[in-house]
Structures are given as structure tokens and as C-alpha cells.
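The chain below stands alone, shown as C-alpha cells; this is the form predicted on its own.
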Amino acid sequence: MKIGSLIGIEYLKTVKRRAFWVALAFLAFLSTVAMGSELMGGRRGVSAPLVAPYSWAMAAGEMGPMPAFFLALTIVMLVTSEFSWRTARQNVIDGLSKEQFFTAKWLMATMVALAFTIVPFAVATGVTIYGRVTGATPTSTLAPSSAPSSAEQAATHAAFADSTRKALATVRTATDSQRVLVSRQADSTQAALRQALRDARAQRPRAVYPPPDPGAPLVSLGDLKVFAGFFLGSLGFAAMAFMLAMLLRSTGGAIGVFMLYFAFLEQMIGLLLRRFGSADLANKVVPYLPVNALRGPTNPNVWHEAHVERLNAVAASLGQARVTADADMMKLVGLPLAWIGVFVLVTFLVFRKRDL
């Protein structure tokens, strides 16, 4: 059977599954909330404005591993249902070979990974267009608020002392007088602490963001590189979820193992290497483990030079260190591709020997 026919079969199976659309819609909703918050924060001057040509890089940085969770969940449900509903065996009985069935499932995983990669960037583009249509985001130029003068402080203290004396004059017993005095002193201390906190915040430097360019393209070459890197990382997580689903054939088991490894096991491996080996050994080994390797190409800083320049301009306004990114192509591209190959090959070899 031709590849086009296999893609058509898996496309029909996927679009008819409600779980696929629910997961995709929930990812779109969370992406909209995250990008909308960035847009509003930029307009208030409290965060970087979400504007082109940085919106895709900001989307990749803001979303982080969240799409990988929805992606793995969806792929596991789509694959394991073939075994729980006995449709995998029926497809082979109807004429598909085991190799063709495996190829069809992997093509499905690739298509789902592409869909879950497109959604966050499409939302970021839509929010960027909305921000451009409704008005350019201003640069943050908030000046520190001035501290109260000595005369104002003296007047405040005098007013407080007068109010305290009046209150004490109305108290009839020594116990009540002591209680009111302690309460007033506590209020005065809290007010002084709050004022000191406001003064400290006012003295902090505020970030100055480069002004947005209304004529900037919505999608630049750097954006396309960010998208390709994010898709590569997503495809790697899809391959990991695909392997677990095909080997375990249980929705709960595959999702549990994926989340356990994704969230804890790799970090535990690093801790064990530091505990029984050395920190140098852990620093050499951990970057080559699957999750760390697959997260590498999802970092927008290694692809989008203009975004890095913007981050460094903001860091300079705050007196912070410059942003640097590791651009080792062998790690960024070769290592994720190697892990994808391992996941798919192991899955194929085991699947071919097992009964349906």
C-alpha cells in the first residue's frame, strides 16, 4: 500500500477521535492565555512586549514543555486504542502487513506532532496581529517614584502622635490604654515596613524594551528556525510516547511511565551520578539523556539572533549579564535525531516479533 493511502487512513482515524480535538483545543486555550498575558503585560510595561519579529521566539520560550505533555497524551491514546479495541489485528487481517501498520502509526505520530507544534505559533501570530491592530505596545519607561520628603515624614509622624494621644485620652483603664498603644505601635511598624518596601521597589531599575517596529514582518527567518527546532523536539517526545504506547499497549501505563521519566527519572539519574560519581561526570552525561537532548532544539535563543540581541538590550538596561546560547549543531540537531532513530528502531524490532 502506498504511503499516501496510509496517511489517508490515519488521517481519518485521527480526526474522528474526540480526544485529539479536546487535547488540541485545550492546548490552544492555554496558548491563548499565555500569549494574551504576555501582550497585556507588555502594554503595562511589566514584561517584554509580544511583537513581531519576536513573537514566535517568545511563544517557544513561554510554552516550554507544555505542548509535549498534550502531544504525548494524544499519541498514547491514539496508539493504545488500536490494541484495546482489537483494530490493529483486524487491520492486519484485512490486508495490511505489520510493517505497513507500524509505518501508518508512525506517520500518524508525525502528523500529530506537527499539529501540536503549529497551534502555539498560530496563536502567537494571531495575538501579535491583534496587538498590532489595536495599537503598538509602548516601551517601558517607568521612572522610580520619588521618596517622601523629610517634612512629609515629620508631618506624618506628628499626625500619628496626635491621633495616638487623643485615643489614649479616651481610654478609661490602664489595660485598655496599653492595648490601644500596642495596637497603634504595631500599625505604625507595619506602615513603616510597607513604605520601606515600596521605596525599595521604586529604587530598582526598570527594564527598557526596544520600541516595536510596526513594519516588521510577522514571520522572519529566525521564526522559521525556531519553528523547525520546536518541531524537532516535539517529534522526539512524540517518538518516546509512540515507543511506550506500542510496547506497553496500555494507556495508563504508557502515560505514567512517560510522565515519570519526563518529570523525575532523568533528574534522579543526574543526582545519582553526582552522588556516586562526580559533578563533572553528571555534567557530561545528563545533556545526552533523552529529555535534555530533546529540549535543546526547543530553546529559541539558539535559533533567533534578533531575539537574543533584544534580550541582551533588556539585560543591559537592568545591569545584568548578557544572554548566551549554545549553538552546537551536533547537539541541537544530531542528538535529537539519534534519539528519534533509537526510539523508532527499538519499537519496530519489538513490534515485529510480538503477536497482535
Partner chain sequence: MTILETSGLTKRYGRLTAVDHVSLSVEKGQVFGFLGPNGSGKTTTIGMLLGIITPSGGAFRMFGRDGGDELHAARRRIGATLETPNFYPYLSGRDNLRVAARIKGVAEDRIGEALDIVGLTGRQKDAFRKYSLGMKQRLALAATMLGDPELIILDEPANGLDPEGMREVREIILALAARGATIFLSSHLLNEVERTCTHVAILRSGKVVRQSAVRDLVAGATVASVASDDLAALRRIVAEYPAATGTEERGDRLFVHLADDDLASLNRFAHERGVTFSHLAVEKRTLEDVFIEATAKDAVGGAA
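Residue numbers count along the first chain shown, from 1. Since the structure is predicted, the reported quantities are computational estimates derived from the model, not experimental observations.
Same protein, other form: the form predicted together with the partner chain, not shown, and the subject of what follows.
Taken together, Leu12, Asn91 and Gly95 are fully in contact with the partner chain in the model of the complex: each brings a heavy atom within 4.5 Å. Partner proximity in the model of the complex, defined as non-hydrogen atoms within 4.5 angstroms of the partner chain, places exactly one of 259-267, 68-76, 81-89, 107-115 at the interface: 81-89. In the model of the complex, the partner chain sits within 4.5 Å of a heavy atom of Gln100.
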